[in-house]
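Have a look below at one chain only, the form predicted alone, in structure tokens format.
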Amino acid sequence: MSVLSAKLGLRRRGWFALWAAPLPVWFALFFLGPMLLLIAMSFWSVQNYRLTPDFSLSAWTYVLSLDFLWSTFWRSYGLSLLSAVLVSLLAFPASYAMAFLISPARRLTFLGLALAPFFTSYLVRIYSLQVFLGEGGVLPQLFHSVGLSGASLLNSYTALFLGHATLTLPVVLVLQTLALGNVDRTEMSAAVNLGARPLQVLRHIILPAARPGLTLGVLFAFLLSYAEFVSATYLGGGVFQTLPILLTDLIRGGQQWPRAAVVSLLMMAVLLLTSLVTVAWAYRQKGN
């Protein structure tokens, strides 16, 4: 019996290992492998427009010595953070209504409608915004009809924010709705019975309980906006130098892939640090 039990245990562990294998294999192939290649490439050099796999610090020295690197970094970080906060504030009333004011069946319908934009290409949506925001477009004509300036809204911070909102708003809506939907209704009812006003219930019951989901919504909006290239190019017109545009400029300027790898690693380090700090704050215990 002991030998049979040992064989069954070994077979069971083998099946467990087989079913668990896809995750580490996927992680190694599509994350760890490219990450190691990117790190190695940052120490390569370009000679006669050819990528040479050697060991050189020239790419790091060049990128870190750029005068406009840190201004570009803070511009990208600030624009992404501002877009994330504004999109989250814009999405909150709709998320609140879907979580508390409509039935679960209708909530699923509205969430499905919120995700509908993902059924079309993001690039197509950006081209559509060009029609709305460009000279003679829908919004400039509407502004002109009420006596405001009818100039094109392209190549502006407004256009860039609308592009970020097009990408991030559906994700934030879903995350906020799920977070608010999991708030304990009994605590809300108890607060109301004790005489709490709606704003007090929102501040002291709903927001603390939904803090992880709401914070993750802001984080996802920030992550998507920070590395976003399409809006900065086609709506911002490349006027506002951001890190993704800097990446393309480095590659176009003599196939400088090592320099682009350095900028990519800096971006990833910033995103990782921001994510760790944000998640730690979102899930910290009240009073700590």
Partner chain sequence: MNTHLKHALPAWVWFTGLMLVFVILYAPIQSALVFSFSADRFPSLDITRFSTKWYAQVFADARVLEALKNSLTIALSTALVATTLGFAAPYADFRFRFFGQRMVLALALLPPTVPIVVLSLAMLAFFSRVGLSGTVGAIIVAHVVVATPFAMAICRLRLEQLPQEYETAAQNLGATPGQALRLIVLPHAAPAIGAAALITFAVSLDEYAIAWFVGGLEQTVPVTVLNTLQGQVDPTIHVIGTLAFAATLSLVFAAQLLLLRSTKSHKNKEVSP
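If you're wondering where the values come from, they're calculated on a predicted model, not measured in any experiment. Residue numbers count along the first chain shown, from 1. Just so we're on the same page, rigid core means the largest C-alpha set that superposes within 1.5 Å between forms.
One more form of this protein exists, namely the form predicted in complex with the partner chain; it is left out here, but the text below deals with it.
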Check for me: heavy atom within 4.5 Å of the partner chain in the predicted complex, for each of 116, 132 and 227, yes or no.
yes
Partner proximity in the predicted complex: residue 102 to the partner chain, non-hydrogen atom cutoff 4.5 Å
yes
Contact of residue 170 with the partner chain in the predicted complex (heavy atom, 4.5 Å)
yes
Taking heavy atoms only, is residue 73 within 4.5 angstroms of the partner chain in the predicted complex?
no
Any non-hydrogen atom of residue 207 within 4.5 angstroms of the partner chain in the predicted complex
no
So which of 46, 35, 239, 66 gets a non-hydrogen atom within 4.5 Å of the partner chain in the predicted complex?
35
Would you mind picking the one in 98, 160, 179, 153 that has a heavy atom within 4.5 Å of the partner chain in the predicted complex?
98
Out of 227 to 257, which residues reach within 4.5 Å of the partner chain in the predicted complex, heavy atoms considered?
227, 229, 230, 234, 244, 247, 248, 251, 252, 257
Does residue 227 move its CA by 2 angstroms or more between the shown form and the other one when the core is aligned?
no
Once you overlay the rigid core, does the Cα of residue 64 travel 2 Å or further between the shown form and the other one?
no
Determine, after fitting the two forms on their core, whether residue 260 shows a C-alpha shift of 2 Å or more between the shown form and the other one.
no
